[in-house]
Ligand SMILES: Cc1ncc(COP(=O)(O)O)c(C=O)c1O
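The form predicted alone is given below as one chain in structure tokens.
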């Protein structure tokens, strides 16, 4: 009998090529151990609420009222909900064609796209057109939509930073394109060298690949660095000269833990540069409610904004968005609340500011605790997390550990992370899942566990690491970087 269409051997080869380490072997093993009763600390994914972060009160109040609009007719509603939350819920319901259960425009509700445009103008100092903003089910859906539009086949390449968030490698594989890596320099705090970019493009072209776009992740995931204005100018100039679309993954723009390099959007830098570059570089920027001090991952709210994209192309992107009919409406409302939060003088303003500042200040302390903790460990070195939600320490694995990994038929950092998981319950992601230089090994962990739990987690890691190194080192020890 001939194979059926959904037998494994008959599947689309691009599906089989996809790898996504964040939910890969380590995560699956952690889930098994959890079923067996072991306490697991899931630091493998940036999922703040799953690790105890409390939701912000005001947006939840507004969405609760939108989900149950009959509460607005209750004469006692003002005893439970503040007046500004009630007013905002009525505002968002008025934007819909039938409440949260009705489809919206495939680009998202026009009124919320207008709020996003106003947010972008306040942030960058330049007007934004709501017609060039599409709301999406999280930023990931937007990234996939744009990459699907750009990639025509395996001859099309996308420049992606390495280490990279595996959304990019997975999506490029799924759509049959080619990932063109450019390596970030760990010893320069994960800085970007434009000469490295030129070399990556030249090598890709030698292999017959047409490089069509470049991805930046700012602040970085998994590396946590913030791009400077000077670096962004170099990148934009490079895209102009090489005729590349720039894809700006800016989902961690609220997550900044130092004062030297504040977040600056690629769009602002592009428009500051003036013609011909400001008119010549095509840019798509992404943002979400999943990160920052919101952490509303499960709500799936995001957007992308297009700059210098021709109207006919925008129409094609709209056509493809229409296949899915509508991004989820509650996620759109969360997005509206993110870009248009309570203002000074509003009843909920002080509480909102207290909650959001408390989360960011705690994340800043946790970033320092984790960096210091890793750097106190034998054969581990870690750059400070300037932004985003992750630490990405380098683990100097002794030769005996690498040999043991080979015997176990494991990649060395997967071997280390599995041992860490079994010993401590800490679920991380091996650096090989993000890409790294040959012979160099890392792991990624979020900085999201509760602040009061962080010292015990780092003590547990240190104890494991010391025992692991003692087991596999020779008596001379093993040098740090």
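Residue numbers count along the first chain shown, from 1. This structure is a prediction, so every number in the text was calculated from the model and none was measured.
Note that the form predicted together with this ligand isn't included here; everything after this is about it.
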Does this ligand come within 4.5 Å of any heavy atom of residue 366 in the predicted bound form?
no
Heavy atom to heavy atom, is residue 167 within 4.5 Å of this ligand in the predicted bound form?
yes
Contact with this ligand in the predicted bound form for residue 126, defined as at least one heavy atom pair within 4.5 Å: yes or no?
no
So in the predicted bound form, does residue 221 come within 4.5 Å of this ligand, heavy atom to heavy atom?
yes
Specify the contacting stretch among 132-140, 179-187, 104-112, 68-76, defined as having any heavy atom within 4.5 Å of this ligand in the predicted bound form.
132-140
Each of 158, 205 and 212 within 4.5 Å of this ligand in the predicted bound form, by any heavy atom, yes or no?
no
Considering 334, 304, 92, 390, which brings a non-hydrogen atom within 4.5 Å of this ligand in the predicted bound form?
390
The one option of 172, 217, 85, 266 with any heavy atom within 4.5 Å of this ligand in the predicted bound form is 217
Sequence-ordered list of residues in 266-296 near this ligand in the predicted bound form, where near means a heavy atom within 4.5 Å:
288, 290, 291
